[in-house]
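Coming up is one lone chain in structure tokens, specifically the form predicted alone.
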Amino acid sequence: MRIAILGTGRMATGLGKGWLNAGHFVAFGSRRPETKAAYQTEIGADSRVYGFEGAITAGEVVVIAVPYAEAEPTAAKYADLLRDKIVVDITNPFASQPTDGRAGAELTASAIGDGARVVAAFKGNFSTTLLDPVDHTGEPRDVLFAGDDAEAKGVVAGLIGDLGFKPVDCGPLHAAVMLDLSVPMLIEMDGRLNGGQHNSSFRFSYSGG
């Protein structure tokens, strides 16, 4: 697939490298692509760094990997380009969690408007594990995701699997509020019980396998 990732931070880089390794085309979006020559060299010739508009245009799936405060404004600014595309919101609100009960990804969907196909994913995964999807038990780590569009969720589940992770469907997009709220707990538990190594992850275990 053609995947656009808006952002060039640790999460964006880990996801992009993983999908490149899986054979996908990845277009990274930067507000200042002219300053990213070294980054372009790091990610290799199989990918490209564009401006946001160029990256979105190049992608079938668009991953929003900017800081949370920039997610909704970015979605609103490029709403016409994002409409009807599969949009994966990986941002975490932390102290900026919406106070009206909505998930951060719901604000992204509202900013895009009619035709939004937003899936929340990778919120409970550290950047340090994105290229290390198998944990110490020898089993793949979970990636929890939520969304309202069944087809979009199927595509995202496939992309999660392409990275070597186990996709876990948590239901409609509104369920992403629980994913948002679980992230501070994961960070707290990783710090207290795992020495802050940032290689922890949640696992959902059930009798169905």
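These numbers come from a predicted model, not from an experiment. Numbers follow the displayed sequence, beginning with 1.
What comes next is about the form predicted together with a small molecule, which is not displayed.
By the criterion of a heavy atom within 4.5 Å, Tyr78 is excluded from the residues contacting the small molecule in the model of the complex. Proximity of His24 to the small molecule in the model of the complex: non-hydrogen atoms within 4.5 Å are absent; the residue sits far from the partner. Heavy atoms of Lys17 never reach within 4.5 Å of the small molecule in the model of the complex, leaving it off the interface. A residue is said to contact a partner when one of its heavy atoms sits within 4.5 Å of a partner heavy atom; Arg31 meets this definition for the small molecule in the model of the complex.
Distance criterion of 4.5 Å from any heavy atom to the small molecule in the model of the complex singles out Val66 from the list Ile56, Leu163, Leu179, Val66. In plain terms, the part of the chain that comes close to the small molecule in the model of the complex, with a heavy atom within 4.5 Å, is 83 to 91 out of 134 to 142, 83 to 91, 98 to 106, 111 to 119.
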